[in-house]
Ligand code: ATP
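Take a look at this one chain, the form predicted alone, written out in C-alpha coordinates.
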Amino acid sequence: MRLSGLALRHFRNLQNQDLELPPEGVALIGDNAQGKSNFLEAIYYLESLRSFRGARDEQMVSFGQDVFRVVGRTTADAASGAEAGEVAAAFQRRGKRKKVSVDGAEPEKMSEALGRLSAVIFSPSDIELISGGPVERRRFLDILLSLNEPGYIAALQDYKRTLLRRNASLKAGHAATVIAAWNPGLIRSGAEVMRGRQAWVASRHEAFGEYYRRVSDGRRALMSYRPNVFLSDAISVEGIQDAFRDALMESCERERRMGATVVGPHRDDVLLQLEDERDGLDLRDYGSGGQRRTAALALRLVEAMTIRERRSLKPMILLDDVFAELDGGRSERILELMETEETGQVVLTAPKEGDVRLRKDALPRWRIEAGKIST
(Lines give C-alpha, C1' and ligand atoms only; values in the text may rest on other atoms or scores of the structure.)
Protein backbone atom coordinates (compact mmCIF):
# COMPACT_ATOMS: atom_id res chain seq x y z
CA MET A 1 0.00 0.00 0.00
CA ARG A 2 1.23 3.50 -0.79
CA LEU A 3 0.00 7.07 -0.71
CA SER A 4 -0.97 7.97 -4.26
CA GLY A 5 -2.70 11.32 -3.75
CA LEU A 6 -2.86 14.12 -1.21
CA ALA A 7 -5.32 17.03 -1.10
CA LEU A 8 -4.53 19.99 1.17
CA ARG A 9 -6.95 22.69 2.27
CA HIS A 10 -5.93 25.48 4.68
CA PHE A 11 -3.33 23.37 6.49
CA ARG A 12 -0.63 25.49 8.15
CA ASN A 13 1.05 27.72 5.53
CA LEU A 14 0.56 25.18 2.72
CA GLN A 15 -1.34 26.45 -0.28
CA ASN A 16 -4.45 24.53 -1.30
CA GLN A 17 -3.27 21.81 -3.66
CA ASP A 18 -4.11 18.38 -5.04
CA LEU A 19 -0.95 16.32 -5.46
CA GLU A 20 -0.21 12.96 -7.07
CA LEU A 21 2.63 11.19 -5.27
CA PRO A 22 5.03 8.94 -7.22
CA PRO A 23 5.12 5.25 -6.19
CA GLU A 24 8.68 5.50 -4.87
CA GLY A 25 8.02 8.71 -2.95
CA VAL A 26 9.45 12.20 -3.30
CA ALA A 27 12.16 14.54 -2.03
CA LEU A 28 10.77 17.96 -1.13
CA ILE A 29 13.43 20.68 -1.46
CA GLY A 30 13.18 24.17 -0.01
CA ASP A 31 14.67 26.74 2.31
CA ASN A 32 13.77 26.86 5.98
CA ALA A 33 10.32 28.17 6.96
CA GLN A 34 8.79 27.41 3.55
CA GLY A 35 6.56 24.56 4.77
CA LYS A 36 8.60 21.36 4.34
CA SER A 37 7.85 20.05 7.84
CA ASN A 38 4.21 21.11 7.47
CA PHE A 39 3.93 18.86 4.42
CA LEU A 40 5.16 15.84 6.39
CA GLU A 41 2.91 16.84 9.29
CA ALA A 42 -0.12 16.79 6.97
CA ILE A 43 0.73 13.29 5.76
CA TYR A 44 1.38 11.93 9.25
CA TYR A 45 -1.86 13.49 10.50
CA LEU A 46 -3.68 10.98 8.30
CA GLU A 47 -1.81 8.18 10.08
CA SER A 48 -2.26 9.26 13.70
CA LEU A 49 -4.91 12.04 13.62
CA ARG A 50 -2.53 14.26 15.56
CA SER A 51 0.54 16.42 14.98
CA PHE A 52 3.89 14.66 15.29
CA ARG A 53 5.18 17.96 16.70
CA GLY A 54 2.67 17.97 19.55
CA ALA A 55 0.69 20.93 18.16
CA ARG A 56 -2.98 21.37 18.93
CA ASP A 57 -5.42 20.92 16.05
CA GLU A 58 -6.39 24.61 16.06
CA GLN A 59 -2.73 25.56 15.57
CA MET A 60 -2.69 23.75 12.23
CA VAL A 61 -5.50 25.81 10.67
CA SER A 62 -4.16 28.46 8.30
CA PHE A 63 -4.28 32.05 9.56
CA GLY A 64 -7.61 33.68 8.79
CA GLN A 65 -9.35 30.35 8.13
CA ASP A 66 -11.74 28.29 10.22
CA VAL A 67 -11.24 24.76 8.87
CA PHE A 68 -8.38 22.63 7.58
CA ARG A 69 -8.88 19.44 5.61
CA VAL A 70 -6.40 16.81 4.45
CA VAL A 71 -7.35 13.89 2.19
CA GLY A 72 -5.11 10.96 1.31
CA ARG A 73 -5.72 8.32 -1.36
CA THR A 74 -3.97 4.97 -1.16
CA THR A 75 -3.38 2.22 -3.68
CA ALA A 76 -3.92 -1.49 -3.10
CA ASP A 77 -1.14 -3.83 -2.00
CA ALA A 78 -1.50 -7.39 -3.30
CA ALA A 79 1.20 -8.81 -1.02
CA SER A 80 -0.55 -7.77 2.20
CA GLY A 81 -4.12 -7.79 0.94
CA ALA A 82 -4.56 -4.07 1.72
CA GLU A 83 -7.18 -2.45 -0.49
CA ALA A 84 -7.14 0.97 -2.13
CA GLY A 85 -8.96 3.62 -0.18
CA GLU A 86 -9.27 7.16 1.04
CA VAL A 87 -8.88 8.71 4.47
CA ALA A 88 -9.82 12.30 5.21
CA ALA A 89 -9.43 14.44 8.32
CA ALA A 90 -10.74 17.92 9.04
CA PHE A 91 -10.81 20.26 11.98
CA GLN A 92 -13.01 23.31 12.55
CA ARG A 93 -11.56 25.96 14.81
CA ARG A 94 -15.00 27.24 15.74
CA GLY A 95 -16.42 24.68 18.14
CA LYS A 96 -13.16 22.66 18.04
CA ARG A 97 -14.73 19.88 15.99
CA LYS A 98 -12.72 17.12 14.34
CA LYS A 99 -14.21 14.99 11.58
CA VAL A 100 -12.67 11.87 10.07
CA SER A 101 -13.88 9.66 7.24
CA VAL A 102 -12.64 6.43 5.67
CA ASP A 103 -13.74 5.76 2.09
CA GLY A 104 -16.34 8.50 2.45
CA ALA A 105 -17.96 7.19 5.63
CA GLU A 106 -17.47 8.32 9.20
CA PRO A 107 -16.27 5.42 11.38
CA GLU A 108 -18.25 4.60 14.49
CA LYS A 109 -15.14 5.37 16.53
CA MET A 110 -12.48 7.83 15.40
CA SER A 111 -9.81 5.35 16.47
CA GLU A 112 -10.94 3.05 13.64
CA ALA A 113 -9.34 5.49 11.19
CA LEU A 114 -5.88 5.23 12.77
CA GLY A 115 -2.94 3.64 10.98
CA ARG A 116 -4.23 3.89 7.42
CA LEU A 117 -0.84 4.85 5.92
CA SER A 118 1.50 2.67 8.02
CA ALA A 119 3.83 5.66 8.26
CA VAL A 120 6.81 6.37 10.52
CA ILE A 121 8.07 9.92 11.00
CA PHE A 122 11.76 10.65 11.64
CA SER A 123 12.29 14.23 12.85
CA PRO A 124 15.05 16.25 14.57
CA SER A 125 12.54 16.83 17.40
CA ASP A 126 12.73 13.08 18.14
CA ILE A 127 15.72 13.84 20.36
CA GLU A 128 13.13 14.88 22.96
CA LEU A 129 12.22 11.19 23.24
CA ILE A 130 15.60 10.80 24.91
CA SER A 131 16.31 14.24 26.40
CA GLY A 132 12.78 14.98 27.57
CA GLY A 133 10.84 13.73 30.57
CA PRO A 134 8.81 10.53 30.94
CA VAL A 135 5.77 12.12 29.30
CA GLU A 136 7.58 12.12 25.93
CA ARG A 137 8.38 8.42 26.11
CA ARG A 138 4.87 7.53 27.31
CA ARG A 139 3.48 9.48 24.37
CA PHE A 140 5.73 7.55 21.98
CA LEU A 141 4.58 4.22 23.44
CA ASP A 142 0.92 5.20 23.45
CA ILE A 143 0.90 6.32 19.81
CA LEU A 144 2.86 3.29 18.62
CA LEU A 145 0.72 0.79 20.54
CA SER A 146 -2.55 2.53 19.65
CA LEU A 147 -1.64 2.18 15.97
CA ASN A 148 -0.38 -1.40 16.13
CA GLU A 149 -1.91 -3.31 19.05
CA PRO A 150 -5.64 -4.13 18.91
CA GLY A 151 -7.48 -3.05 22.04
CA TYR A 152 -4.72 -0.82 23.40
CA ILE A 153 -6.29 2.52 22.55
CA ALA A 154 -9.62 1.50 24.08
CA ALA A 155 -7.90 0.56 27.35
CA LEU A 156 -5.85 3.76 27.31
CA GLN A 157 -8.88 5.98 26.72
CA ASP A 158 -10.85 4.19 29.44
CA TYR A 159 -7.96 4.59 31.86
CA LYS A 160 -7.63 8.32 31.16
CA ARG A 161 -11.37 8.90 31.62
CA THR A 162 -11.46 7.00 34.90
CA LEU A 163 -8.27 8.68 36.15
CA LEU A 164 -9.75 12.12 35.42
CA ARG A 165 -12.88 11.35 37.44
CA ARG A 166 -10.98 9.74 40.31
CA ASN A 167 -8.66 12.74 40.54
CA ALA A 168 -11.67 15.06 40.58
CA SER A 169 -13.05 13.12 43.55
CA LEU A 170 -9.72 13.30 45.36
CA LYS A 171 -9.39 17.01 44.73
CA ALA A 172 -12.94 17.57 45.99
CA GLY A 173 -12.13 15.70 49.19
CA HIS A 174 -14.78 13.01 48.73
CA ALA A 175 -15.08 10.13 51.20
CA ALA A 176 -12.78 7.13 50.88
CA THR A 177 -15.69 4.94 49.73
CA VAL A 178 -16.38 7.34 46.84
CA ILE A 179 -12.72 7.32 45.80
CA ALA A 180 -12.57 3.52 46.02
CA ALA A 181 -15.57 3.19 43.71
CA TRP A 182 -13.33 4.28 40.83
CA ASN A 183 -10.65 1.70 41.61
CA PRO A 184 -12.01 -1.39 39.79
CA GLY A 185 -12.24 0.43 36.45
CA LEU A 186 -8.89 2.14 36.94
CA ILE A 187 -7.23 -1.17 37.81
CA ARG A 188 -8.80 -3.08 34.93
CA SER A 189 -7.87 -0.61 32.18
CA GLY A 190 -4.56 0.39 33.79
CA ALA A 191 -3.42 -3.23 33.90
CA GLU A 192 -4.15 -3.60 30.17
CA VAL A 193 -2.09 -0.49 29.43
CA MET A 194 0.83 -1.67 31.55
CA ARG A 195 0.72 -5.14 30.05
CA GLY A 196 0.79 -3.72 26.52
CA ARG A 197 3.77 -1.52 27.29
CA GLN A 198 5.62 -4.28 29.13
CA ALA A 199 5.10 -6.78 26.31
CA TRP A 200 6.23 -4.38 23.59
CA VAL A 201 9.43 -3.33 25.36
CA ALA A 202 10.24 -6.96 26.22
CA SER A 203 9.82 -7.99 22.57
CA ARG A 204 11.79 -5.06 21.09
CA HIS A 205 14.63 -4.30 23.48
CA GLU A 206 17.08 -6.54 21.61
CA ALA A 207 16.23 -4.91 18.28
CA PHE A 208 16.66 -1.46 19.82
CA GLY A 209 20.12 -2.40 21.09
CA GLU A 210 21.13 -3.84 17.73
CA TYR A 211 19.94 -0.81 15.75
CA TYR A 212 21.83 1.45 18.13
CA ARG A 213 24.99 -0.65 17.74
CA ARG A 214 24.83 -0.58 13.96
CA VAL A 215 24.46 3.22 13.83
CA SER A 216 26.99 3.95 16.57
CA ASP A 217 29.46 1.41 15.10
CA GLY A 218 30.12 -0.61 18.21
CA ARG A 219 28.51 0.33 21.48
CA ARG A 220 25.07 -1.02 22.34
CA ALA A 221 22.21 0.64 24.19
CA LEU A 222 19.59 -0.81 26.51
CA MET A 223 15.83 -0.27 26.67
CA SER A 224 13.74 -1.33 29.66
CA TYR A 225 10.24 -0.68 30.90
CA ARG A 226 9.97 1.20 34.20
CA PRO A 227 6.39 0.87 35.44
CA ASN A 228 5.30 3.12 38.27
CA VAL A 229 3.76 0.04 39.93
CA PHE A 230 6.26 -2.62 40.95
CA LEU A 231 5.91 -5.67 38.67
CA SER A 232 7.84 -8.91 38.42
CA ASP A 233 9.67 -9.63 35.16
CA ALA A 234 7.02 -11.99 33.79
CA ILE A 235 3.50 -11.34 35.02
CA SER A 236 -0.07 -11.86 33.81
CA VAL A 237 -2.75 -9.21 33.47
CA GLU A 238 -4.29 -10.58 36.66
CA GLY A 239 -0.94 -10.25 38.44
CA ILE A 240 -0.63 -6.65 37.25
CA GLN A 241 -4.13 -5.94 38.53
CA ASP A 242 -3.19 -7.32 41.94
CA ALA A 243 0.00 -5.24 42.04
CA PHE A 244 -1.89 -2.09 41.00
CA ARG A 245 -4.60 -2.73 43.60
CA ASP A 246 -1.97 -3.09 46.33
CA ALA A 247 -0.20 0.08 45.22
CA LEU A 248 -3.44 2.07 45.36
CA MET A 249 -4.15 0.82 48.86
CA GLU A 250 -0.66 1.73 50.07
CA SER A 251 -0.88 5.24 48.61
CA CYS A 252 -4.28 6.22 50.08
CA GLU A 253 -2.94 8.73 52.59
CA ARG A 254 -0.50 10.30 50.12
CA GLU A 255 -3.27 10.64 47.55
CA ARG A 256 -5.54 12.45 50.00
CA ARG A 257 -2.73 14.88 50.89
CA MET A 258 -1.89 15.57 47.24
CA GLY A 259 -5.45 15.45 45.87
CA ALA A 260 -4.41 13.23 42.95
CA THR A 261 -3.77 9.60 42.00
CA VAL A 262 -0.05 9.09 42.59
CA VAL A 263 0.45 5.55 41.24
CA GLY A 264 -0.41 3.99 37.88
CA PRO A 265 0.65 3.89 34.22
CA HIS A 266 0.26 7.67 33.91
CA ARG A 267 3.61 7.79 35.73
CA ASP A 268 5.44 5.05 33.80
CA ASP A 269 8.73 5.56 32.00
CA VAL A 270 11.02 3.78 29.54
CA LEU A 271 14.67 3.72 30.59
CA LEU A 272 17.23 4.12 27.79
CA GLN A 273 20.84 3.47 28.74
CA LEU A 274 24.30 3.11 27.30
CA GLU A 275 25.59 -0.41 27.83
CA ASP A 276 28.80 -0.55 29.84
CA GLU A 277 30.58 -2.70 32.39
CA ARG A 278 28.42 -1.27 35.18
CA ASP A 279 24.62 -1.05 35.25
CA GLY A 280 24.37 1.31 32.28
CA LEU A 281 24.39 5.08 31.99
CA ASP A 282 21.10 6.89 31.46
CA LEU A 283 21.22 8.44 27.98
CA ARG A 284 19.10 11.34 29.16
CA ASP A 285 21.69 12.38 31.75
CA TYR A 286 24.97 11.11 30.32
CA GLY A 287 24.52 10.68 26.57
CA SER A 288 26.15 13.07 24.12
CA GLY A 289 24.05 14.83 21.47
CA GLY A 290 25.05 12.22 18.91
CA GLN A 291 24.28 9.34 21.24
CA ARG A 292 20.82 10.71 22.06
CA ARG A 293 20.03 11.24 18.37
CA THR A 294 21.18 7.70 17.62
CA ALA A 295 18.88 6.33 20.33
CA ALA A 296 15.96 8.32 18.91
CA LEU A 297 16.62 6.92 15.43
CA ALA A 298 16.82 3.40 16.89
CA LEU A 299 13.39 3.88 18.49
CA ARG A 300 11.91 4.93 15.15
CA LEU A 301 13.53 1.98 13.39
CA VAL A 302 11.98 -0.35 15.96
CA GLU A 303 8.64 1.36 15.32
CA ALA A 304 9.04 0.60 11.60
CA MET A 305 9.87 -3.02 12.46
CA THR A 306 6.67 -3.20 14.54
CA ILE A 307 4.60 -2.04 11.56
CA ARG A 308 6.19 -4.66 9.31
CA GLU A 309 5.49 -7.45 11.76
CA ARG A 310 2.08 -6.40 13.10
CA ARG A 311 0.51 -5.13 9.87
CA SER A 312 2.49 -7.15 7.29
CA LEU A 313 3.20 -3.93 5.41
CA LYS A 314 6.34 -2.10 4.38
CA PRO A 315 6.19 1.15 6.36
CA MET A 316 6.03 4.49 4.65
CA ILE A 317 9.07 6.52 5.77
CA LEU A 318 8.82 10.27 6.41
CA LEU A 319 12.19 11.97 6.96
CA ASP A 320 12.33 15.58 8.09
CA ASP A 321 15.95 16.58 7.32
CA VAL A 322 17.22 14.18 9.99
CA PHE A 323 20.73 13.62 8.63
CA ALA A 324 21.68 17.26 9.15
CA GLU A 325 21.78 16.62 12.91
CA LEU A 326 24.20 13.64 12.73
CA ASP A 327 27.95 13.50 12.30
CA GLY A 328 29.39 12.05 9.10
CA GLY A 329 30.01 8.54 10.41
CA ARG A 330 26.58 8.12 11.95
CA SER A 331 24.95 9.60 8.84
CA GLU A 332 26.63 7.06 6.57
CA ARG A 333 25.75 4.13 8.80
CA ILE A 334 22.10 5.13 9.18
CA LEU A 335 21.88 5.61 5.40
CA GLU A 336 23.30 2.15 4.81
CA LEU A 337 20.95 0.67 7.39
CA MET A 338 17.83 2.34 6.01
CA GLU A 339 18.71 1.30 2.46
CA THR A 340 18.78 -2.35 3.56
CA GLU A 341 15.58 -2.23 5.66
CA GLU A 342 12.29 -3.34 4.17
CA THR A 343 10.63 0.03 3.74
CA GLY A 344 8.02 1.31 1.34
CA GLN A 345 7.46 4.76 -0.04
CA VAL A 346 9.87 7.48 1.16
CA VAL A 347 8.99 11.15 1.54
CA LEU A 348 11.85 13.30 2.74
CA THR A 349 12.64 16.98 3.08
CA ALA A 350 15.95 18.78 2.57
CA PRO A 351 17.10 22.40 2.23
CA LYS A 352 18.98 21.70 -1.01
CA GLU A 353 19.17 18.94 -3.59
CA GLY A 354 22.68 17.88 -2.57
CA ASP A 355 21.32 16.93 0.86
CA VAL A 356 19.11 14.20 -0.62
CA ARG A 357 21.11 11.07 0.16
CA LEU A 358 18.55 8.33 0.80
CA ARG A 359 17.42 6.77 -2.50
CA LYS A 360 18.93 9.85 -4.11
CA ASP A 361 18.75 8.53 -7.66
CA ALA A 362 15.22 7.18 -7.33
CA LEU A 363 13.24 9.97 -5.68
CA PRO A 364 11.66 12.68 -7.87
CA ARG A 365 12.39 16.23 -6.71
CA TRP A 366 9.64 18.62 -5.73
CA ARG A 367 10.22 22.16 -4.57
CA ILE A 368 8.42 24.31 -2.06
CA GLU A 369 8.40 28.08 -1.60
CA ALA A 370 6.03 29.99 0.68
CA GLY A 371 3.83 26.91 1.01
CA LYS A 372 3.49 26.36 -2.77
CA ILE A 373 4.70 22.95 -3.94
CA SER A 374 6.00 22.62 -7.49
CA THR A 375 6.06 19.06 -8.83
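Residue positions are given as counts along the sequence shown, with the first one as 1. From a predicted model like this one, the values you see are computed outputs, not experimental measurements.
Quick note: we don't show the form predicted in complex with the ligand, though the next part is all about it.
- Within 4.5 Å of any heavy atom of the ligand in the predicted complex lies no heavy atom of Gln345.
- Taking the partner from the other structure, the ligand in the predicted complex has a heavy atom within 4.5 Å of a heavy atom of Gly35.
- Taking non-hydrogen atoms only, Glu336 never approaches the ligand to within 4.5 angstroms in the predicted complex.
- Although the partner is absent from this view, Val26 stays clear of the ligand in the predicted complex, with no non-hydrogen atom inside 4.5 angstroms.
- Contact with the ligand, judged by heavy atoms within 4.5 Å in the predicted complex, is confined among 306 to 314, 36 to 44, 324 to 332, 337 to 345 to 36 to 44.
- Shown here without the ligand, the chain has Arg53, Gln59, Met60, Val61, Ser62, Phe63 in 48 to 74 lying with a heavy atom within 4.5 Å of that partner in the predicted complex.
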